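Take a look at the structure tokens below, where one protein chain is shown in two forms, each on its own, as structure 1 and structure 2.
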Structure 1
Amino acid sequence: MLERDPAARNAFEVILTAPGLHAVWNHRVAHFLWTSGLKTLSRMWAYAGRSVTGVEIHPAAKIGRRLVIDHGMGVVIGETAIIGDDCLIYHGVTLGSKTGEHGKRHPTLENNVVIGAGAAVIGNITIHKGARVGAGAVVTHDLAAGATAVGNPSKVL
């Protein structure tokens, strides 16, 4: 976070006041409970965290290292979402599914992906390495490595 958020002043302050960091830490605990078979407890834990951070991450979602969720309010990350390392997600982002789908129905983000504020990435699609999604963009198809998608409906630049 110190590297990626220009408003972050020092580690002590970030630890105390960054909701996205709290959300990711909270998810680590919830995910451990989920994989330990304590599923209902893990969802209660996740729900309690959501009330503080405004970030809703299903306990089963798989999240890589050094994910930064900036601001965080309104982020929803679904049950079968997979997030690689060094991704950056802004507030209001949805990693969601289409109504009525089952099984692996949420996106996979590879490493170094950036998803802008309020964007919705929907369905069992892959956002490849280093791709970027603009603020408010709605993405329902795979996005190639390094590509940028903007707009609603989204277009690749």
Structure 2
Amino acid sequence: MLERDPAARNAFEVILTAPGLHAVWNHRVAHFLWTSGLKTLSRMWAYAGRSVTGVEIHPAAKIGRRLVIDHGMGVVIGETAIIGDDCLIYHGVTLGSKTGEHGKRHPTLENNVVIGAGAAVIGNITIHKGARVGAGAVVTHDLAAGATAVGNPSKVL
């Protein structure tokens, strides 16, 4: 996190004051409870974390290593979302669903994806390795590796 956040002055400060980091730590516990079959307890744990950090991550969501949620407030990550390693998500991002049906209905972010502030990535789609979603973009289709999507509806640059 220190390498990817120019405002972070030292590790001690980040550990004490970074809500995105706290949200990820909280999710790790909630996800463990979820996969252990303690569904209600995991939802309660996730709710408590959301109340403190302003970041809502469903306990069933799968999150890889070194996810950075910068600022965090208003981030929503749905139940069937999958996030790879080394992703960066800014405040106000939604990884949401287009349907209330069961099964895979939230996005998959491969490794090294960046999602800009206020963006919505919706549906069972894949944002491939190294892709970027611009601030405020609404993405409802797969995004190729290394591509950048901007706008509403999104267009690939």
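Predicted, not measured: the structure shown is a model, and the values here were computed from it. Every residue number counts along structure 1's sequence, beginning with 1. Here, rigid core means the biggest group of C-alpha atoms that superpose within 1.5 Å across both forms.
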item: Chain form predicted together with another copy of the chain: structure number out of two; value: 1
item: Large Cα shift (2 Å or above) at G37 between structure 1 and structure 2, core-fitted; value: no
item: T99 C-alpha moves between structure 1 and structure 2 by 2 Å or more, core aligned; value: yes
